[in-house]
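First, one chain by itself in structure tokens, the form predicted alone.
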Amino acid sequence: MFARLVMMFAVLLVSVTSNVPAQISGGGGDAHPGLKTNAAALRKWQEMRFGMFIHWGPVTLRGTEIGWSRGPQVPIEEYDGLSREFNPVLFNAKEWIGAAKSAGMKYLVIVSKHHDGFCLWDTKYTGYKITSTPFHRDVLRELSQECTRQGIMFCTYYSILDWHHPDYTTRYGGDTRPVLESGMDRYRSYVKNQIRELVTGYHSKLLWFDGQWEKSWTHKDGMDLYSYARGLSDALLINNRVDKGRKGPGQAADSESYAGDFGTPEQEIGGLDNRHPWESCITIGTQWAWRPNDTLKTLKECIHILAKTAGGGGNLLFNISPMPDGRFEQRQIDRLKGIGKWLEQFGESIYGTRGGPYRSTPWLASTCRGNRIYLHLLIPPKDQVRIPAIPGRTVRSARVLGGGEIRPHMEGESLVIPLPSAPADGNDTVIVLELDGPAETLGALDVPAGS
């Protein structure tokens, strides 16, 4: 009898899980077919759903964009000399990580080196670094230690290209140094030496590469660097910009030919895709680095971006830009606290969920976990919601998250959900549907435009 029950359970398990498309595995590309993404590390990171991105450096003294303004907006000699006057005396790692926690963020990605080549840690391989400025302190060391104390996953961004380094073979923005005097063999060694410092010395759990588009960096280079970094820590996660395979919200269609563990849409929200791991990076303002009087997104916009990103099955890496003195602007802190307050009440609809099953619309996003579907009403109707019926499932109960029970009913092929007269939240009211079976095994459902 026991053996028969085990067999029946196994058949049931197969019948349920077989409806769930397998997540496409990334890894080391066609040069390393046996080196696949660490599944446990990826799953843990995906369940976090929300992280803080930070672009910061001497360029904040001018208020222009990091890296890209070197040459076109700020003369190269002046840009490179800003480090000699950079002295952010009000930098406080505890306050930075505390701000991330107050927002409900679970991990931090700090720009260790952008395209301008300036390093925010005490690297042994260049003098162009934070400890050579009047400030002298090792910013990355303090942030890494504070992340450990406050339970935040510490991660680093690293630009593969480096317009400041003498051996990098691409020049940009009016730089007149001859390419013939450079050497990519020496530069690749420089990159690996610095990556080893970040992973083994600063305990970076994720490497967020950028700058892979220039001709100086090849597909072979990307696969080689991925393999090298994973050799330092097998649980390390690495984005798809280590290689040439970046194509939109997910990995490229032939993603296993390229190195990388997840896709990286920038300043846009990926579509519904639970098979290809991805993360949208989006700014709180209009540029990545700080500038005075930048226009910030409203609290409602921030919450909608988070809900739609989770609704697509992705993580949100939300960029904050500290000021030249090392502080976060108070208005950015206030915005982060507002997101955190919303997550305190509605976080179960974001953390640890999968995207869908309904594709996002301008007024709706949806996430799911187990037998639950969370409907995010971004523009709530006045009295009811009408959405396509859930195929093969019955809604056993429904409630407003943070509110009371409601009673949906079927009208033809539509599920009609009555709404309370007062929304539970003016930014995003969340409806919880309890089903009689798993929500995560459902395919993608489209909501007609006229709904």
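The first residue of the sequence shown is number 1, and the count goes up from there. Only a predicted model underlies this, so the values are computations on that prediction, with no experimental measurement involved.
This next part talks about the form predicted in complex with a small molecule, which is not shown.
From the list 81-89, 124-132, 210-218, 301-309, the contact stretch for the small molecule in the model of the complex under a 4.5 Å heavy atom rule is 210-218. Contact check for residue 237: no non-hydrogen atom falls within 4.5 Å of the small molecule in the model of the complex. The small molecule is not shown here, but in the model of the complex it comes within 4.5 Å of a heavy atom of residue 55.
Interface residue remark: residue 157 is counted as part of the site for the small molecule in the model of the complex, having a heavy atom within 4.5 Å. Contact between residue 114 and the small molecule in the model of the complex is found at the 4.5 Å heavy atom cutoff. Taking the partner from elsewhere, every residue among 68, 241 and 288 has a non-hydrogen atom within 4.5 angstroms of the small molecule in the model of the complex. The partner is absent here; in the model of the complex, the one residue of 198, 110, 281, 336 having a heavy atom within 4.5 Å of the small molecule is 281.
Taking 95, 266, 175, 325 one by one, only a single residue has any non-hydrogen atom within 4.5 Å of the small molecule in the model of the complex, and it is 266.
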